[in-house]
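This document starts with one chain, in the form predicted alone, laid out as structure tokens.
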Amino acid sequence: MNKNIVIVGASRGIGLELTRIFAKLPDVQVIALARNCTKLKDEFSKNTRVHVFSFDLEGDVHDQLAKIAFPETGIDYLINNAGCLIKKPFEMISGQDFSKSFSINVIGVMQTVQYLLPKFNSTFSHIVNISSMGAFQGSVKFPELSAYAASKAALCNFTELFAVEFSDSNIKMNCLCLGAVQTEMLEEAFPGYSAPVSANEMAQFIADFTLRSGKILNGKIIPLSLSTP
């Protein structure tokens, strides 16, 4: 039986690599959601198991999702990969910057999960939230990332709360806190910096974790970084 995977933030970086990985699996159907769909639609136009839809976490999440025909067999996996990284000195971060960070990095994710609750597989489903090492308690912190790290920390907290509230359900949720990965978002925030892990390498790990770990882990916040701490 085919597995249905929803990827939010699939147009570039790790999200695009995840879509490519799952698109190669014969028993998987991918619902790829992204703000910019042109590249996705062009790349997967001949793959009947990849379905691309426009989706903006800053917009009306429920209204946008209501227009998407999700598989009647249920969603088996959801990867909340979309993110917004605003890098500014703390005193220069505007209210709009804070609102955008929290809207995309946590509130939109919560509303996505909220809407999809009745659409998850009735036997077992695994939700994977993508956070940051900057949000992981006790990790090294970097200046000018207050809005980003704080919103991603809220995503970690939501993961733990959801796991408790839905502990008796078929839905499991975990959160991966990623260290530096060579993506467009990193390049835009830190020009000239070269990360030790490629987007494809991290996507390979996330894909395997998504498919294999939901039945033994729930509500866990897991750091993925080559740095110590």
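Numbers follow the displayed sequence, beginning with 1. Note that the coordinates shown come from a computational prediction; the quantities given were computed from them, not determined experimentally.
One more form of this protein exists, namely the form predicted together with a small molecule; it is left out here, but the text below deals with it.
Going by heavy atoms within 4.5 Å, which of 53-61, 66-74, 163-171, 23-31 lines up against the small molecule in the predicted complex? Heavy atoms within 4.5 Å of the small molecule in the predicted complex occur in 53-61.
Is the small molecule in the predicted complex close enough to A82, K152 and M185 that every residue in that trio has a heavy atom within 4.5 angstroms of it? Checked in the predicted complex: all three residues contact the small molecule.
Closest heavy atom of A207 to the small molecule in the predicted complex, within 4.5 Å or not? Contact with the small molecule, no.
Verify the contact flag for N47: yes if a non-hydrogen atom of it lies within 4.5 Å of a non-hydrogen atom of the small molecule in the predicted complex, no if not. Although the small molecule is absent here, N47 would stay clear of it in the predicted complex, with no heavy atoms inside 4.5 Å.
Are any of the heavy atoms in L178 no more than 4.5 Å from a heavy atom of the small molecule in the predicted complex? Output for L178 is yes: heavy atoms within 4.5 Å of the small molecule.
According to a 4.5 angstroms non-hydrogen atom cut-off, is S132 in contact with the small molecule in the predicted complex? It does: once the small molecule is placed as it appears in the predicted complex, S132 has a heavy atom within 4.5 Å of it.
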